[in-house]
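First structure 1, then structure 2: two forms of the same chain, each alone, as structure tokens.
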Structure 1
Amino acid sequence: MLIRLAASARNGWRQLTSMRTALMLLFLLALAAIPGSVLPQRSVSIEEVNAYFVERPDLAPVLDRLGGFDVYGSPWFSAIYLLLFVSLVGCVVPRLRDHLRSLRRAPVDAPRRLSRLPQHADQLAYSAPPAAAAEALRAGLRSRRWRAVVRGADAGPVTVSAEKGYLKETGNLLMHFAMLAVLVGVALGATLGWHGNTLVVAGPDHRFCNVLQQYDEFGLGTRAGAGSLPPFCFTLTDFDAEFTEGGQPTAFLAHGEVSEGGGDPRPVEFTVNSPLRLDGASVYLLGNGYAPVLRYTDRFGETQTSTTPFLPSDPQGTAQGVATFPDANVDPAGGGERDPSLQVAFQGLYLPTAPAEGPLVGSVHPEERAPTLFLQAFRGDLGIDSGTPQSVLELNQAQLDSGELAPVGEAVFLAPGETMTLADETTVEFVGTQRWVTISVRHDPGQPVALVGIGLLLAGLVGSLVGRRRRVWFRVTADPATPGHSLVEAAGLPRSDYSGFATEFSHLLAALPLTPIPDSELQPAGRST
């Protein structure tokens, strides 16, 4: 029974570590990654996953049980990943051992009948005894990067064996090790890495510090926690954007200040293709836009200022958003208690460059050349106290439908510095705008390992395509007709498909110190085959 189990285990191991199984697992891993690209993932955006449950209430729970919303952390994906890793290790280690043995082993001795090999020549002579001729041939081969060895004695034939083309197998092994490095790098990133995205408005009042609570969305590796985030704070001071006359972006540059570990702030700059490198994190620039600044004065003369990012809705910079004042119209004589029915909000459409003529429905250029804010006021219960998440783009539709939140007056267009007066004599002033950027903060300890693996993969691919294993042999015997001279027979054999070996063999013979024997001096037994 034990013998049968051992034989089954041995056969299973052989199947798992075969190249065919490794290729099948690699293909299966690629197929398994497709759902992670099609379905929303919790590690990327929990909001999209929740929206998927709302849109497809019947299908979403089934996909969730199968791990569809956490594909790369699911047991079945991890199983394929680990099996591929084990298969590659079991495939590479024996081949590496055999390859090292081949490199240390001397080239095999010449076959008895060289004339049967694909490339053959025997009309060659050398003006030295066999031993000296063989050493000269060996030196000529080694100068051309052939591994060569001499066998035989002065009394009999002397053979020279040479071999070349181990780069092909080296390249194949290098590609396999590169794949292992990529797998290790990806595993390190998924285990110890983390990432987060957030929107940062310019100004010291909107400083971002690297804590989970300040991220709009984030994802942590299986072994990463809140303590893994390096301590730093970032303040956006300015943002430069350049556009063509047609509105196409040409350059983005974010200016800011960073303080790491509680130290003094230092100025920094970063662009889309040149992220900000910090100790333990990299900050990438993803998007940008404008945040209108509104100053609202309520019926009791209290003033509040709101800087609200408006999100772009087209490439020309047209953006929309909602500015809320939930603590407005609080009577100081009433103990500061908030009346939900007197809350105020403004839903707006911002145009960085309003058209000179025609309907003001969209910006004509993303730069602020003629900034205009289309503003509609609302008063009533905003629904904030209910605990329901609020959209940054529009007001609570349930509150609007119930009539608890209603528009006030007509919508107006405001330029920077202009003021709108509502029916209750409260006012709102469009002060101007601030720039905002969306940044992605990431830490991936496996990225250097994966990059090294990709570099090794390319190097191994080149070696595998360029290298061609081949062997040549020379049999040197004393020339009975001319004492002190030698007759040389040569042959060659490619170990793989190599159509140019015949040309290389001819060039090799021409480069070595060999002299072709004229046909008139050949003995009948010395005719070329």
Structure 2
Amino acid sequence: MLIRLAASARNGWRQLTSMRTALMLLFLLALAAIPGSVLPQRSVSIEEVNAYFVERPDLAPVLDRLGGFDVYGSPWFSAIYLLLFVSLVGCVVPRLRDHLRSLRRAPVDAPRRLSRLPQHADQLAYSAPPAAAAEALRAGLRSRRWRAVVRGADAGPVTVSAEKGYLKETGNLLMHFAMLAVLVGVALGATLGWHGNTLVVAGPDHRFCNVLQQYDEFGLGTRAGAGSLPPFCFTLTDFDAEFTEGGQPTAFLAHGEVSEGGGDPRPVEFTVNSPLRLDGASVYLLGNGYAPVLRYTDRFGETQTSTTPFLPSDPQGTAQGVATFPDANVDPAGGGERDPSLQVAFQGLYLPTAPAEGPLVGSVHPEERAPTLFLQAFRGDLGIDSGTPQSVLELNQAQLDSGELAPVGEAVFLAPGETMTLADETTVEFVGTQRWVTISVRHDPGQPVALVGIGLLLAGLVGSLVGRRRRVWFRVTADPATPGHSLVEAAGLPRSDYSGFATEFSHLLAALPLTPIPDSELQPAGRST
């Protein structure tokens, strides 16, 4: 029983580590990767996944259970590549052992019948006795970077065996092992890496510090925690953007100040394709926009200012957002108690460049050339205290529906510096705008490992593809006709697909100090073996 089990295990292992299985698994891996490009993936865009659930409420949960929205982390995808890597190890480790052995061992001895090999030449002479001739051949091969060895004694035939092209197998093994290194790098990133995304408005009031609480969204590797985040703070001081006349962005540059580990602030700049490299973290520029600054003066004469990032909804910078003043109209005499029915909010559309004529429905250029804010005031209970999550883009729909929050007056267009007066004599001033950027802060300690791995993979691959393993043999015998001279028979065998071997072989023979025996000296039978 045990023996049979062991036998079938051995058989299974042999199957798994065969080239055919590797081929099947490679093909399966390619197939299994396809759904991840067709279905939205959580790791790429959670919004699209959510949208898919809304669009296909019946299908989405089924796909979800099958791992359809998380293909590259799904059990079946993992199973394929893990099997592939097990197969890889099982295949490559014995090959490495064989290869190391063959590197240490002398090239194999000549086969008995050299004339059977693909390349063969036998009417060759050398003007020295066999031992000396073989030694000279070996030296000649060595200088051409063949590994060569002489076998036999002066009494009998002496053979020279030589081999070249170990690079092929070396490169091939390096390539396959390097894949393991890449996998280790990826795994390191998944366990120790972390990232967070956030929006930073320009100005010292909006300083960002690298703690989890300050991120809008973050992801931690399985073994990363809050302590993995290096301490630094960042202030956005300025943001430059350049556009073509058509509104296509051509350059961005974020300016700021960074203090790392409690040190002094230093000026920094970063842009798309050129992140800010800090100790233990990199900061990437993802997006940008404008945050209108509104100053609201309530019925008690109290003034509050809000800077609200508006999110662009088209390439020309048309952006929308909501500014809320939950603490507006609090009677200073009333002990600071909020009156929910008197909270104030503004819903707005911001146009960096309003069209000179025509309806003001959208910006015509993403630069601030004719900034205009289209503002609608609302008064009432914002619904903030009810505990339902608030959208930064929209007012609480339930409050609007119930009428507890209602528009007041007409919407108005404001240029920077302009003020609108509401029916209750309160005022709101559109002070101007601040720039904001969205940034991603990341660290992946596996990155250098993966990079070195893939670099070695490429190096090994090139070696494996250009390398050509081949062997040549020379059999040297004493020339019975001319004492002190030798007769040489040579043969060659390419061990990998190599159409130029015949040429190389003839060049090699020409380069070694062998002389073809003139036909006149050939005796009909005696010379060839």
Partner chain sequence: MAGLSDTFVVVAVLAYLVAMIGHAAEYAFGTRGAVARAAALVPSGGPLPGADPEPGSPPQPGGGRAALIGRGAVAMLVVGVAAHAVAVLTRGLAAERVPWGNMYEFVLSASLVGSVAWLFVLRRWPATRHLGLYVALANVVLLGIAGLWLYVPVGPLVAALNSYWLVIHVAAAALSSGIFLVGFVAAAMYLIKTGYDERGKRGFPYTLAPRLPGAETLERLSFRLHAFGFPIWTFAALIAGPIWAEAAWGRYWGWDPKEVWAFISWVVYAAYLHARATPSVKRTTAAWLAVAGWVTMLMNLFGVNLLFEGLHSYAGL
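Bear in mind the structure is a predicted one, so any value in this text is a computation, not a measurement. By rigid core we mean the largest C-alpha set that fits within 1.5 Å across both forms. For numbering, take structure 1's sequence and count from 1.
Quiz item: Do you think the form predicted together with its partner chain is shown as structure 1, or as structure 2?
Solution: The form predicted together with its partner chain is shown as structure 2.
Quiz item: So, does residue 494 move by 2 Å or more at the CA between structure 1 and structure 2, with the core held fixed?
Solution: Shift of 2 Å or more: no.
Exercise. Look at residue 72 and decide if its Cα position differs by 2 Å or more between structure 1 and structure 2 after superposing on the rigid core.
Key: Shift of 2 Å or more: yes.
Self-check item: Core fit, then residue 129 C-alpha moves 2 Å or more between structure 1 and structure 2
Solution: Shift of 2 Å or more: yes.
Exercise. Check the Cα of residue 58 between structure 1 and structure 2 on a core superposition and give its shift in Å.
Key: Comparing the two forms, residue 58 shifts 6.8 Å at C-alpha.
Quiz item: With the two forms matched on the core, what distance in Å separates the two CA positions of residue 480 between structure 1 and structure 2?
Solution: With the cores aligned, its C-alpha sits 3.2 Å away.
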